[in-house]
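One chain comes next, on its own, written out as structure tokens in the form predicted on its own.
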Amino acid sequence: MKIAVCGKGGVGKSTVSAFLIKALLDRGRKVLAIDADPSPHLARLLGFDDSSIKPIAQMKDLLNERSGRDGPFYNLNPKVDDLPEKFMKKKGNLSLMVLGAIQQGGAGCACADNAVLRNLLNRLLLSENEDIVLDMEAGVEHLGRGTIASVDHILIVVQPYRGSVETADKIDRLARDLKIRSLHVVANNCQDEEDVKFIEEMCGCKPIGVFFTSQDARKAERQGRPITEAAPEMVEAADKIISALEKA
């Protein structure tokens, strides 16, 4: 099962991803977690020492070498087969690859660097021996590039406010253009059933899962502890989503 978690910035994509990963691990599954956010912190949420992890997107010398950049020219199919073995972190049945994303601020085209990341992501998504949870960058740009066309399911994380819903609508339209059939809304950071109803009415569909606000998870995050160990009710909510996706 290959799951991409998308949504507007700040809606809790990494939090939802962490609990989905925990639910899969609790079922005895092997899981590959991929963090493709420009500001990656999935490692910390899962209990890895993120101080020793540098996102691939920040390894400029590596990206230049693999892309074969020569002025405006670069390799459209750079070699990436050896990178997972070099940079993947492992803990039990969990493997973690932190890609990050290219953040370009007036420094010219990042096409060459993105070619390396895109090739690496595509290679990781070919894994047949693991379930995959992909924590995507915010917004809709990755969908416009067709980066995640090979996933089985897209989960759009939505919080109960209009800006979040508007981004979810854009993601929905682009994902359908890519012919991704299993597309679902996940309600996050809900205070009560009124919040859930707002999301349902605004999105025009019933969320496949609901995560209510957890003070225990928030406290664990502030203390630097794995949030998945602090909020069993959120693990249960994630497990229900996995069950629903298996039937989708």
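Nothing here was measured: the structure is a model prediction, and the numbers come from that model. All residue numbers refer to positions in the sequence shown, first residue = 1.
What follows is about the form predicted together with a small molecule, which we do not show.
Practice task
Would you mind picking out the stretch of 47-55, 25-33, 212-220, 176-184 that comes within 4.5 angstroms of the small molecule in the model of the complex, counting non-hydrogen atoms?
Solution key: Flagged stretch: 212-220.
Problem - the small molecule in the model of the complex reached by all of 4, 119 and 148, non-hydrogen atom within 4.5 Å - result: Checked in the model of the complex: no contact with the small molecule for any of the three.
Practice task
Examine residue 14 and determine whether its closest non-hydrogen atom to the small molecule in the model of the complex is within 4.5 angstroms.
Solution key: Output for residue 14 is yes: heavy atoms within 4.5 Å of the small molecule.
Handout entry: is_contact(residue 237, the small molecule) in the model of the complex, heavy atom dist at most 4.5 Å
Key = Looking in the model of the complex, residue contacts with the small molecule do not include residue 237, since no heavy atom lies within 4.5 Å.
Handout entry: Partner contact for residue 232 in the model of the complex: the small molecule, 4.5 angstroms, heavy atom
Key = Residue 232: no contact with the small molecule in the model of the complex.
Practice task
Could you confirm whether residue 9 comes within 4.5 Å of the small molecule in the model of the complex, counting heavy atoms only?
Solution key: Looking in the model of the complex, residue contacts with the small molecule include residue 9, since a heavy atom lies within 4.5 Å.
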